[in-house]
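What follows is one chain in C-alpha cells, specifically the form predicted alone.
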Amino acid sequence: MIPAPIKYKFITPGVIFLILIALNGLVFLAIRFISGIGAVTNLDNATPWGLWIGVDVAAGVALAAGGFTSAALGHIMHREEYHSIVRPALLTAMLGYTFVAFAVFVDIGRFYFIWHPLIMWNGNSALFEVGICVMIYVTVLYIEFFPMVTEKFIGRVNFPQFLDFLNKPVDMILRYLDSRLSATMFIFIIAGVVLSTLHQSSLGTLMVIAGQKMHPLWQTPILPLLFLLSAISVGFPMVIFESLIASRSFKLKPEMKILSRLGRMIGPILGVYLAFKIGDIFIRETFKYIVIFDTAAWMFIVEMALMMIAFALFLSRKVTRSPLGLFIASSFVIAGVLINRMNNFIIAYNPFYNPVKYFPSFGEISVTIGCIALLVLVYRAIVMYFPVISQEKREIIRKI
C-alpha cells in the first residue's frame, strides 16, 4: 500500500448536488457579511450563540479529533501498520479545523476583530486558551501536511516557459524543506497531540464557568474530562467513517484489516467515557431530571442511547469485521458526539433573562450544511491531486 493521488473523475451527480448545497450556503454567507449577522441568524442580545458555535465550532473540533488520535497511534506509539490511515485523518483534521476557524470568523459580530487574541492576551480566560491552541494547531496541521506537497512536486516542478528559470531553485527549496521537516516532524506531531488535548478539554471548561446557565444534566466539574474523552472516543470512528466513504466514492477496496483493528479499540475507549458519564450522573444524582421528560431530558436520552448502542456494537467481533457494521457503529458514535456538543452549547445553555427559545434560522442551517459540502468537495479535490490515500499498486496501475 502506497499513498498516491486518486485517478478518478471529479464531477459526478453527487458532486453536482454538493456544489448546489455549497452555493446556497455561500449566498447566505454573503448576506451575513453584507447586512450583518442579524440578517441571517436568529441570534440576539439574549442569545449570544447558536448553531454556528454548537455545531460548526464545538462539534467540528471534536469530529476533527481523528487527526491527533491517529497521529498518536501511528507515530508516538510507533504502530507502523496504521500509517496508511494517518494521512487521510490528518487531511480531515486540517480541513475540519480550517472550517472551525472560519466558523468562528463568521459567528463573531465584528468579524474584523478576530485577530485581537493574537496581541490581547488574557491568560485567565478559557476561551483565550481555546483560541490560541486552535490557531497554533491549525498551523501545525498545515506543516504536517506539507510533506505531501513536497512529495508531489519534488522532481516535477514545471513552470511555464517564461518562468522555467524558477524550476531548479524551487525544486531545491522543496528538497531542503522536505529534509528539514523529516528531521523535525516528531516535534510537530507531539505538539499537535498536546495542543489537541488542551483545547478539547478547555471547551468543557468554557461551559463549566457558565454556572447556573447550564442545565444540571450537563453542568458538572468533570465536563473538561468528558469533553476530552468524548473527542478521543470519536477520533477512530471518524477515521473509519471517512475511510469507508472514500473507498466507496472512489471504488477502492476498504482497508478492512486496519479498520477492524481500529474498531476493536473503540469499544474500551467508549467504555471509559460512559463509565465517567454515568458515574457522574449517579454521584450528582441528576438522574431525577431525566424522568421529567422535557426537551432537555429527551435530548440527553438520545445522546446517551447513541453512545451506548455504539459501545455495544463495537464489542461485537462480527460488527468490527464488517464494512457495513463498522460504518453503522461509527455513525452512532459521530451522531452521539454531535448531539452531545449541541446539547452542551445549545440545549443546556440558557442565558438569564432570555425571553425567546432559540431555534436556528434557515440561513444558519444553510451556511452550516453549505460549508460541510464545501469541505467535502475540497477533500475530494486534494486526494485526487496529492498522495494522501494509500492504494495497492495494482489499483494504481489499473487506473493509470
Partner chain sequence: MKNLNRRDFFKSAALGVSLTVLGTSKAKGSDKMLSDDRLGILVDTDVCVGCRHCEWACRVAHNLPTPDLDNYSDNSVFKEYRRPDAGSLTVVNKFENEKNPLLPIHVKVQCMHCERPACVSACIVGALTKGDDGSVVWDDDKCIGCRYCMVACPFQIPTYDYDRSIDPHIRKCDLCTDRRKNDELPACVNICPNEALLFGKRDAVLAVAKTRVKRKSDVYVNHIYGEHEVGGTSWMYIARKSFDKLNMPHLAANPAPGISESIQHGIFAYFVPPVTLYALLGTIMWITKRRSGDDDELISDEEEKGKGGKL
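In this text the structure is predicted, and so the values were computed from the model without any measurement. Positions refer to the first chain, counted from 1.
Missing here is the form predicted together with the partner chain; even so, the following discussion is about that form.
- The partner chain in the predicted bound form comes within 4.5 Å of no heavy atom belonging to Val319.
- Interface membership of Ala62, defined by any non-hydrogen atom within 4.5 Å of the partner chain in the predicted bound form, is ruled out.
- In the predicted bound form, the partner chain stays beyond 4.5 Å of every heavy atom belonging to Gln161.
- With a 4.5 Å cutoff on heavy atoms, Phe113 counts as touching the partner chain in the predicted bound form.
- Residues within 4.5 angstroms of the partner chain in the predicted bound form, judged by any non-hydrogen atom, belong to 78 to 86 and to none of the other stretches in 305 to 313, 289 to 297, 243 to 251, 78 to 86.
- Only one of Arg261, Lys277, Lys152, Arg284 lies close to the partner chain in the predicted bound form, with a heavy atom inside 4.5 Å, and it is Arg261.
- Shown without its partner, this chain lists Ile301, Ile328, Ile187, Ile173 as candidates; in the predicted bound form, only Ile187 has a non-hydrogen atom within 4.5 angstroms of the partner chain.
- Residues of 265 to 282 placing a heavy atom within 4.5 Å of the partner chain in the predicted bound form: none.
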